[in-house]
Structures are given as C-alpha cells and as structure tokens.
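The chain that follows stands alone, in the form predicted on its own, written as structure tokens.
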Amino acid sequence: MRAGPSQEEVRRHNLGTLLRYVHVHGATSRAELTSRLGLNRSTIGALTAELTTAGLVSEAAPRETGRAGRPSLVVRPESSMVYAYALSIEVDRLRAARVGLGGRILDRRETDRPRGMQVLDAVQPLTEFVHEMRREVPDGARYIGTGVAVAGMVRRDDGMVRLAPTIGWVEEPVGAALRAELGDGQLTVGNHADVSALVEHARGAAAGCDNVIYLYGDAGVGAGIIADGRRVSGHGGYGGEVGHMVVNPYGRECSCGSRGCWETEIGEYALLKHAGRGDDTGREAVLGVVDAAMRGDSQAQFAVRQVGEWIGFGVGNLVNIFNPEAVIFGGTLRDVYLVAAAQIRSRLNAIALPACREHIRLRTPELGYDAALIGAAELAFEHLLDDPLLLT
C-alpha cells in the first residue's frame, strides 16, 4: 500500500492553499480563512506566521470591526514586494506589466504593434519595457518569474508559437527568443484566451463557475475553456481554437488555409466588410462601427446583425458541446456583444438544447483588457502558489 502524505507534505500543501486563497481573494481575516479552508485556528495562525516570515503576506488588525472583543487579524498578500512580469503579444499591441502577488498591476507599458511585425522585432520593445520597469522595483522586492500571453497556438512545453495566423507567425520560438534577451529561465508562454479564461474564472466575471467559455476576438477568435474547474488544453496545449471550427463550408477563405471558419463570420474583417469599411483594421475601427450602429447608422446596424447571428450560431453549438455555466465575450467581441446581446441570445436559444441553455449566463469580462496581463502573471505565480517554500 502507498503511504499517505507526510506531515511536511501536508504543511506545504496547506501553505499553498492559504497563499492561493489570499492571492485570489485579497485581504482576508484569519476567522474567514479558518472557515473557508476547513482548518483550525491554531493551524491558520501557524501558517500565516510562516508566510509572514517568508515575506509573502502581512497581518494587521482591521481598521474597523463594529464588534466588541478582540478582532481577527487580516491577512494581505505582499503585492508591492513579490511580483512577476507579464507580457502580452496581440494583433495590434504589445503590452507589459509588473504584477504583484494578489493580481495587482504595479507598473505597465504598451506600444502599437504594426501588422506584419516579426518575432525579433516584437521581442525588442518588450525587453526594453521589462528593463524600464526593473529600474522602478523597490529594494528588497522579489521576482517570481515572467508570463507571456500570445494570440496564437502555443506549445506549452517550450513556448513555441506553432500558428498565429492573425499575427502572421508560424513555428516561431517566442519563448526562446524572450529568454535569450531577458536572460530569464523562469519564463512561461501561454495562449491569450487561455490565460484570460483562467483569471476571469479565478477572480473575475466567472468566479464561482466551474464550467466557462471565454471568447476572445480581434482579427481572429479564440477560446479559453474551463470544464469542472480545469482548463481544457488538449494534447500539446492547442485546445480552444474555436475560431477555426467550420460553420459555413461555402464561406470566405480563412487565414489558416481552411474555408468558412467561425472567425471569418464574426471576426474584425467580417464586421468591417459588412459595414462598408473593409479597408479599415483594428479595434478602433470596430468600435467605430459599434458606435455608428448605436447612433442609428443602417449599414452599421446591418453589420452588427450579421455578425450577431453568427456569434449566436457558434455559441449555441459550443453550449451544446461543453454545457457551460457562463460564456464571456472578450476583446472586440465584448463591444459587439453589448449592442447585439438580444440577437445573440435569440440565436443561441434557437440552436442550443433546452437543458444546456436554460442556466447559461452571457457576460463581459470583469477584468477587461487587463485579463491577459493578469492571466500571464498567473503563469509565473503558479509554481509559488503550489509551493510557497520555494522562496525560502
């Protein structure tokens, strides 16, 4: 028979569980930690004391309690002193942030990314951003690692971008290029929609939901899928490429080489073409169509209706397959959803099975465009949350 976990293994597990709770939920009293984690008061006290000594959390009396008696100490993550770098490579932008434990953005930088920019040209400004932010780090602060979010198919083992058609990259070693420039072995690369889904599930619009689909749209469409509380990544980490499910076999050719993919019907190009603005590109152009539709422009309204129909069509099929509790619309899909919500819901209801759709909640991201940055930081924090003693 296999022996049970040792006392040391249990202690490390409990330390990670407590730190993860405070990391996700923020300032939490010892009394609440006792209740939520199912541990006794003395154990919580010992764990918080150890994490405090390690410099990962701090403890202080609450400012106001409104109750008689000795108040329960409040445990807070040391956001300003324990941090990770987060990088996001998007169709039109390059973004970087220093993110503290607890998901707090401490510093940020961004610049435009011209379409067609190659990997080495993208790595240079991101590297410069990190060097700039390093100069602002307070003395004694501890670096955990770097997480990178890319709008493309990422091989999780080494950060190779296998295919990112909207960025124009195929088989590009993004992870290796950034590690070489930053001199950083603690760098992890993930898919943009995946990391956004993880963080919205942990602390955003899908908190409390164990089955979630996060749809991210710009020039293309991708999804982060959470099933039974776990990310669905597939073999190699390429799961969630819902933008390339074929919905219209006679439709437009897709950048991936196929024809009639979902993103050809709901992506940026489709909306702008229907609105008579096919020469425009980018988020501002999409927002221009959405704004025109809200002001009564008939062609913009037609474009939103066309895309809304196809959004509802695809979501209805995903609802039948994954039976989620919530579907979140991120990126430019958020803006389209806000003006086409009723139409999307109507189309979804016509396609999805009653048992799958009756509880479904359609939402926009609570963390907005910061979801990818905070989610990328989560890639770096993960090993610390699994074993907080790694820092000691």
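Everything quoted here is computed from the prediction, not taken from an experiment. Throughout, we count residues from 1 along the sequence that is shown.
Below: the form predicted together with another copy of the chain, not depicted.
- For the marked spot (129, 206 and 379), a heavy atom within 4.5 Å of another copy of the chain in the predicted bound form is absent from each of the three residues.
- Taking the partner from the other structure, another copy of the chain in the predicted bound form has a heavy atom within 4.5 Å of a heavy atom of residue 355.
- For the chain shown alone, residue 323 is a contact residue for another copy of the chain in the predicted bound form, at least one non-hydrogen atom being within 4.5 angstroms.
- Mapping the unseen interface onto this chain, residue 168 falls outside it, with no heavy atom inside 4.5 Å of another copy of the chain in the predicted bound form.
- Interface membership of residue 351, defined by any non-hydrogen atom within 4.5 Å of another copy of the chain in the predicted bound form, is confirmed.
- In short, of 142-150, 92-100, 243-251, 106-114 it is 243-251 that has heavy atoms within 4.5 Å of another copy of the chain in the predicted bound form.
- The partner is absent here, but in the predicted bound form a heavy atom of 256, alone among 256, 81, 187, 133, sits within 4.5 Å of another copy of the chain.
- This chain is drawn without another copy of the chain; in the predicted bound form, the residue among 292, 182, 272, 163 with a heavy atom within 4.5 Å of it is 163.
- Applying a 4.5 Å heavy atom cutoff to another copy of the chain in the predicted bound form picks out 225, 227, 228, 230, 232, 233, 234, 235, 236, 237, 238, 239, 240 from 218-240, in order along the sequence.
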